[in-house]
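Single chain ahead, written as structure tokens, the form predicted on its own.
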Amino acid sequence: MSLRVISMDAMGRFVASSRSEYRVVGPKPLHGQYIFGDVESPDDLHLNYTQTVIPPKKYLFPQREELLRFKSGDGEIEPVFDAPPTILLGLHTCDLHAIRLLDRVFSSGHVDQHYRRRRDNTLVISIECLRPCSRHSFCKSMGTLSATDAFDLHLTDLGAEYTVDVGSEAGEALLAKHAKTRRATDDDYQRLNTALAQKWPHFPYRLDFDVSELPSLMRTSYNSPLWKDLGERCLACGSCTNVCPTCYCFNVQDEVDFALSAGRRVRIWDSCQLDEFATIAGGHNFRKTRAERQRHRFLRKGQYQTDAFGLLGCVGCGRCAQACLAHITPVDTFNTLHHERSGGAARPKGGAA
């Protein structure tokens, strides 16, 4: 819509002022790593961060969420919505692409009212990545190193100032009410273009093929011997899915009080990599082996989500590679499948590349 410029000092005042109207969450340091947490003051915020352990999706799709309360006697059911006005501040573009996918998933078919309520009450302020945030990142290969939509405001660090790309009317209104900015000049546009041009060489291509080929690659790799290898290495701990910004598997449980008179229904994150995930009535497990579950995970990332929603299910953040104790990584997996199909030599498995 337009490009504005805000100084570093004004950015701090913007955050402080916004807190009078919104819950502001952003990247904060914790024990040598970063997490998304409540920003109590501008000093809490670290926009020049590497990567958060857990993605910001937890504010739209919480790890544990109460859906409704009920009373058994009179059959009363009360839906529960906890969706305060929130600003998600400082998202990297990979996480922004992940939210684009979640928006489609939870808004298709039977619309998830709890997700939509949170999403409609959330403003997203993303920030341009000028350096790789992790040795495992492969966002450039996945086409998620930049973004042109899905944000309300988008920041680019120019040193003493940020450019602010306004992406929605809500973002424009937020700036007008809480921030002191100026309209970008020709010199600002030139500085922005220079910063964007200079960033690209810092990000290597890590896939040995174009990402547009990934859905086709996964379709032809269903019977690959690689799945058996990954299944033998996998610990079925679920760490990969717990840190993934696009995973949305969940379990629903009813918790009833001791008198059996009232209770609540809660939704909690679940993982397709756990041994019991696919166990159904009668004790049958339709995805019993870890090899089958690894195959399912990567097919969802590389093909199934594209077939269903038109977007890849992997955004190249590298969190799963960082978290996996068995050193199973998307880059190695996808490249190995590619070289299997083409008959070339694959990279050594387990490397960070």
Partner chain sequence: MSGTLIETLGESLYLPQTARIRDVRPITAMEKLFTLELPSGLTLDHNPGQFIELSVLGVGEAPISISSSPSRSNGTFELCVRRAGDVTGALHRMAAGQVVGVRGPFGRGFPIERFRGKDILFAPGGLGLAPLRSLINQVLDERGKYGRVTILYGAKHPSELLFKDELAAWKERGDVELHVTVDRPDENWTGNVGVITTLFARAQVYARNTVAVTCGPPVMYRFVLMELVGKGIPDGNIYLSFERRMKCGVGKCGHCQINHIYTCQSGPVFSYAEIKGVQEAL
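Numbering follows the first chain given and starts at 1. Fair warning: this is a prediction, and the values are worked out from it, not measured in the lab.
Here the subject shifts to the form predicted together with the partner chain, a form of this protein not shown in this document.
Residues within 4.5 angstroms of the partner chain in the predicted complex, judged by any non-hydrogen atom, belong to 284-292 and to none of the other stretches in 284-292, 41-49, 25-33, 321-329. Contact annotation for residue 265: at least one heavy atom lies within 4.5 Å of the partner chain in the predicted complex. In the predicted complex, the partner chain lies within 4.5 Å of some heavy atom of residue 304. Taking non-hydrogen atoms only, residue 118 never approaches the partner chain to within 4.5 angstroms in the predicted complex. Residue contact with the partner chain in the predicted complex: residue 114 places a heavy atom within 4.5 Å of it. Taking a 4.5 Å heavy atom cutoff to the partner chain in the predicted complex, the contact residue among 207, 105, 123, 145 is 105. For the options 276, 149, 232, 82, the residue carrying a heavy atom within 4.5 angstroms of the partner chain in the predicted complex is 276. Taking the partner chain as it sits in the predicted complex, the stretch 232-268 comes within 4.5 angstroms of it through a non-hydrogen atom at 248, 249, 250, 251, 252, 254, 256, 265, 267.
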